[in-house]
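Presented below, as structure tokens, is a lone chain in the form predicted on its own.
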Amino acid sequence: MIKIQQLSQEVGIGVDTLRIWERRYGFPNPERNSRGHRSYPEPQVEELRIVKKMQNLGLQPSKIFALSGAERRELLEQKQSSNLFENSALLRLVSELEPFEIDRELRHSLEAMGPQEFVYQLGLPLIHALDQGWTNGTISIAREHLVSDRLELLLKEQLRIALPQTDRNRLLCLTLSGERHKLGLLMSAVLFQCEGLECLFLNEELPLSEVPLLAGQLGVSGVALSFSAHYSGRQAKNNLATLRNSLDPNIKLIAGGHAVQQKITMPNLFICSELREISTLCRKHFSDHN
């Protein structure tokens, strides 16, 4: 039996997300001691590892938990077999290629697909493959860092490509102190730029208290933040509330990532649960200056 914090670390799913799933889907189903503290048996830990793998393959929790345990395993095997067959080149990139070969393959794909389709067709599957490989032990942490760093460098280079000078919305993209996962936000910034926004991506984490001042100095139309599964969902919600109260009310606040899956309602706050939602979000809320 393990506690919820240890479970979160074991399976790579945020504590708040586990609690939301418990309320919404009835799983995981912890045992509780006399003080109400949760503990989880090993079979549920293994089942959540399967759920995490299915998420990495693009399946939504509502669909995953609608299945029985046996159905989940069967579907996961089908998906993994299909992905293994269809993405042999991707798997080779993840596990075998030299750094210069990784750069060459990524750059060639970016030039062939364009930045938007590159994110959808290669960036997202690559991150999922890295996460899956690290989780099941088929690739080392060092290898995961090597490949993700090459992808990060290319995406940052893409962001530096100047757009025609027009009256564009400016978007500040950042992570707060304690959030070290930035690739998802970086891909989002590339997609926002494809929609005509000027994206200012900060490499370093920023203290919450410094965001409003910087946003005002830069004259941004929006601030985009990412909160991974390793970030507390409760803390993410509190941070967003603090930002919403301290930012200019006309500045749009955009948040994405596993830690903000729950519904959060605040003025001029938009939760982006999938990267493909960015195009619609821009058309609805940033079209006046494009």
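What you see is a predicted model; the values in this text were computed from it and never measured. So that the term is clear: the rigid core is the largest set of C-alpha atoms that superpose within 1.5 Å between two forms. So that there is no doubt, residue numbering starts at 1 and follows the sequence shown.
Just so it is clear, the following notes concern the form predicted together with the DNA, a form of the same protein that is not shown.
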According to a 4.5 angstroms non-hydrogen atom cut-off, is P28 in contact with the DNA in the predicted complex? no
Query raised in the report: Are any of the heavy atoms in M266 no more than 4.5 Å from a heavy atom of the DNA in the predicted complex?
Result: no
How about W21: is it within 4.5 Å of the DNA in the predicted complex, going by heavy atoms? yes
With the partner left out of view, is S246 within 4.5 angstroms of the DNA in the predicted complex by any non-hydrogen atom? no
Check, residue by residue, if Q116, E198 and S221 all come within 4.5 Å of the DNA in the predicted complex, counting heavy atoms only. no
Only one of 66-74, 231-239, 42-50, 252-260 has residues with a heavy atom within 4.5 Å of the DNA in the predicted complex, and that stretch is 231-239
Within 32-49, the residues having any heavy atom within 4.5 Å of the DNA in the predicted complex are R32, R35, G36, H37, R38
Discussion item. On a rigid core superposition, would F270 pass a 2 Å threshold for CA movement between this form and the one not shown?
Written reply: no
Notebook entry, point to check: Does Q9 count as moved between this form and the one not shown, where moved means a C-alpha shift of 2 angstroms or more after fitting the rigid core?
Noted result: yes
Core-aligned, is the CA shift for C282 between this form and the one not shown 2 angstroms or more?
no
Cα of A236 vs Q60, shift of 3 Å or more in the predicted complex, relative to this form: the pair sits closer
A change of 3 Å or more separates this form from the other: in the predicted complex, the C-alpha atoms of E205 and Q6 are closer
